[in-house]
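Before any questions on binding or motion, here is one chain by itself as structure tokens, the form predicted on its own.
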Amino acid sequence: MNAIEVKNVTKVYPAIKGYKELLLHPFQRKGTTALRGIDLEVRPGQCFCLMGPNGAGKTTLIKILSTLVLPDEGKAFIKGHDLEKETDEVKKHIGFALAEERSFYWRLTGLQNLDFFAALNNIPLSKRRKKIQEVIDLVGLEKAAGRRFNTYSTGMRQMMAIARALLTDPDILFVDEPTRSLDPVAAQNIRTFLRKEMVENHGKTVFWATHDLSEAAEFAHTIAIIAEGQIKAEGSVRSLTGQGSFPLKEVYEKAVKEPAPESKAFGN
């Protein structure tokens, strides 16, 4: 069974109309197509990197797979469970740490934040302290756990977001550009943690959105290149590069330059 399976998923964000357009075309629904018929399969225990430029649809796909947004068309499955029909079951298997995490309480300590989110996830009080300590130790924030969140560096905040995602011990972890805006050392620490600790040591599946070629090349088992809402190429680094015959950068640049089909009015 695949960890993740996506079949013909499409997502269109409706455009905001002006008064004139509302009067002249009240029933026409135009919008921005974020995803166009996405098909993907991710095997368990993989580090799967979704690569693409800004605005390619990476975050939208992660939000759909994390049950935060519904697709307009198509189906998605998490460990065989229908994302729309079995949402509660899907949520038992996933954790997500999205970019620019702003939902932490900045005046609370790291421990207090995790205790709050553990309560939201219905983790029993009898198990909560042990679980929080486990994830704090796992991400290496033992010394900072008692400090206020607003004193944390960007890298520490990213690791805290991952710690929060791990509170429910998910099988699948979604991360959206986790190394963006980090210094080289902090970025490498997070990359190593995701591949070595999460995938290799704990057998989890990591679905990792990035636009960093070297990051994907070094840490991904499988890479999918997305541009204009479509998957343009997919495979291991060796298969994508013809067993190393040409650079990944060349593959990436060629893929993202391929034009997408012409957009149509949504709902027509």
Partner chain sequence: MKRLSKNRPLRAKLLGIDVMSVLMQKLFAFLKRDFLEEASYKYSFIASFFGIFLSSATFFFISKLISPNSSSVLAPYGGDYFSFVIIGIAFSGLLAIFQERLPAIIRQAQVTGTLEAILVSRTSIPVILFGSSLYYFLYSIASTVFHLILAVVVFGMQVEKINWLGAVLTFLLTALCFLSIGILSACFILVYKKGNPFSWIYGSVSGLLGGVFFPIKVLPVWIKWISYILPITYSLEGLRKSIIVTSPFSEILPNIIALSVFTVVFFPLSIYLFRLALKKAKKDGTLTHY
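Owing to the predicted nature of the structure, the values given are computational and were not obtained by experimental measurement. So that the term is clear: the rigid core is the largest set of C-alpha atoms that superpose within 1.5 Å between two forms. Residue numbers count along the first chain shown, from 1.
Omitted here: the form predicted in complex with its partner chain. The next part is about that form.
Mapping the unseen interface onto this chain, Lys63 counts among the residues with a heavy atom inside 4.5 Å of its partner chain in the predicted complex. Residue contact check for Arg191: none of its heavy atoms lie within 4.5 Å of its partner chain in the predicted complex. Although the partner is absent here, Arg148 sits close enough that one of its heavy atoms falls within 4.5 Å of its partner chain in the predicted complex. Of the heavy atoms in Pro124, some are within 4.5 Å of its partner chain in the predicted complex. In short, of 229-237, 65-73, 208-216, 43-51 it is 65-73 that has heavy atoms within 4.5 Å of its partner chain in the predicted complex. Distance criterion of 4.5 Å from any heavy atom to its partner chain in the predicted complex singles out Leu98 from the list Met156, Leu138, Leu167, Leu98. For Asp137, the Cα coordinates differ by 2 angstroms or more between this form and the one not shown after the core has been superposed.
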